[in-house]
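Quick setup: one chain, the form predicted alone, written in structure tokens, and binding and motion questions come after.
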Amino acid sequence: MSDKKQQVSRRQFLNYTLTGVGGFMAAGMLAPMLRMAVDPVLKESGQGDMANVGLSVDDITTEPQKVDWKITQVDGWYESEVNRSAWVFKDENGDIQAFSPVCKHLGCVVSWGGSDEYPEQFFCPCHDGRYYKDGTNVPGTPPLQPLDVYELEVRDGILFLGDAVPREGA
């Protein structure tokens, strides 16, 4: 190297300083925007979580029974308790079935045996919608789709339900 020291002029010093300060300011403005764009991708989804509905598998019969439970729902920074319901029973094969009580026609609530004329069907009182016990809609009635089915899991003899999933077919 040479013995000669290289001097930084005032103009170069100001240029370097302003470029550095401008870079920090730009980074300070862009960092929140970048985080806002990337954060939802990295955040763990709460969907698919199973909730204990407080029902023992031994208590489930072939007769549909309405089960109510609460889940914690987080919307941004607001956390709330949300009520959920399902019709739960064992089918002819002994498999547990859990149907959403929401009618697929207009979103009213269906009930088991809610009609004197059709005691062995799910009945929607809003527009006389009907569903067979397996959750499929009765042809010629307003609902055009079968009842949604809850994801279910049995842990230590207790029923856990997840999200309601739409089914295909009529």
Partner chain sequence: MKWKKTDITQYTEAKEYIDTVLIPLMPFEMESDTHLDVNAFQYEWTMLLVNELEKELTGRMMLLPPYVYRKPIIQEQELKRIDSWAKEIKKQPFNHVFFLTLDGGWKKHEEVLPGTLLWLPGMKSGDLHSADMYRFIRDQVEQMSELIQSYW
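Residue numbers count along the first chain shown, from 1. Only a predicted model underlies this, so the values are computations on that prediction, with no experimental measurement involved.
Keep in mind that the form predicted in complex with its partner chain is not shown, yet the notes after this line are about it.
- Looking at Gly113, you'd find every heavy atom of it more than 4.5 angstroms from its partner chain in the predicted bound form.
- Residue contact check for Pro125: one or more of its heavy atoms lie within 4.5 Å of its partner chain in the predicted bound form.
- Of the heavy atoms in Arg130, none are within 4.5 Å of its partner chain in the predicted bound form.
- Under a 4.5 angstroms non-hydrogen atom cutoff, its partner chain in the predicted bound form has Asn83 among its neighbouring residues.
- Between its partner chain and the residues Gly140, Gly107, Gly28, Pro119, the one pair within 4.5 Å by heavy atoms in the predicted bound form involves Gly107.
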